[in-house]
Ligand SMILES: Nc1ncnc2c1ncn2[C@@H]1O[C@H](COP(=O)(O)OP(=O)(O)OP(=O)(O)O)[C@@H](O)[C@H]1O
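A single chain comes next, written as structure tokens; it is the form predicted alone.
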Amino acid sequence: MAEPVLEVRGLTRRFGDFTAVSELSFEVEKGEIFGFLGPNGAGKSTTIRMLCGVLAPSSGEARALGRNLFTEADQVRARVGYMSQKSSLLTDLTVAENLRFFGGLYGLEGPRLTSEVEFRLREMQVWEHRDQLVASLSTGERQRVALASATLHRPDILFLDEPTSGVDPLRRRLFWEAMDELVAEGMSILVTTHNLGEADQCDRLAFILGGKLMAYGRPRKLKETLGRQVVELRTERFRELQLAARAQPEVLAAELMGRSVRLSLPGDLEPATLLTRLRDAGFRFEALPSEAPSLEDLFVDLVHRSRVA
């Protein structure tokens, strides 16, 4: 089996008495999109800043491309790309000027710089904006320009920290299409996000909560580990039905979703008896066919588990 492009073992970061990241261990394989998922404040950005050399770890190890990421950073840095949550683009320069500036920092010059700038701008679908000031761009356009900037030197590993934060759904989709293009080029991507829809598009995921790794694996396998099924009940009395459902011993969770109640049940349970009991209690509802749990169900379960631990 090929060596992972990124291998993290026991990564920890403390700020005084506060532990922001605790004993994280995971691997990123070549040519995959690896999602680092968790709510705001979970430790995602702290982790990626350590891996990018922006922040020193308190303890732990990390190897990237066969080298120690902390003691051999100079040899690794040229093969790594990084895009932070807040774009580092210079707003008083045009799009093309920004890319030429950052390309120069990567050591690109002459015809190669010109070629890479044009290639990336066309790939990210912002070529038509090349002569516009960055300040005039929408958030989604800026993010795609920032991605073009971070990949000018064709890195082997790309770190993206909440890259689609504040971006509308259409432009978010364009951004992920661009990421697929980068993977097709041979890049490996680690992306932090708290968007569950995005997380489902990743090859593998790591759930982080309170600085600790809570779950790790492929999205489909992670959902299967719950051993649950989900039944949605549509009703006008959704708040009352939620309370009644929570009182039933076989109901693991009952959450509101719009005007529906989403029940989480054991995977081997036949829901008919439960639903009859709720109808006998005076509730009228439409029960949709049971379905496999979503990443949102998994995330809610992990949060509940962390609170009772």
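For clarity, every value in this text was computed on a predicted model and none was experimentally measured. The first residue of the shown sequence is 1; numbering continues from there.
Beyond what is shown, the protein has a form predicted in complex with this ligand; the following relates to that form.
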The unique member of 42, 275, 244, 52 whose heavy atoms fall within 4.5 Å of this ligand in the predicted bound form
42
Assert contact residue (this ligand, in the predicted bound form, non-hydrogen atom within 4.5 Å, options 139, 136, 201, 85) equals 85
Applying a 4.5 Å heavy atom distance criterion, does residue 123 contact this ligand in the predicted bound form?
no
Within 4.5 Å, heavy atoms only: does residue 172 come near this ligand in the predicted bound form?
no
According to a 4.5 angstroms non-hydrogen atom cut-off, is residue 223 in contact with this ligand in the predicted bound form?
no
Does any heavy atom of residue 20 come within 4.5 Å of a heavy atom of this ligand in the predicted bound form?
yes
Would you mind picking out the stretch of 246 to 254, 59 to 67, 34 to 42, 276 to 284 that comes within 4.5 angstroms of this ligand in the predicted bound form, counting non-hydrogen atoms?
34 to 42
For this ligand, considered in the predicted bound form: do all three of 26, 154 and 188 come within 4.5 Å of it, counting heavy atoms only?
no
For the stretch 162 to 198, I need every residue with any heavy atom inside 4.5 Å of this ligand in the predicted bound form, listed N to C.
162, 194
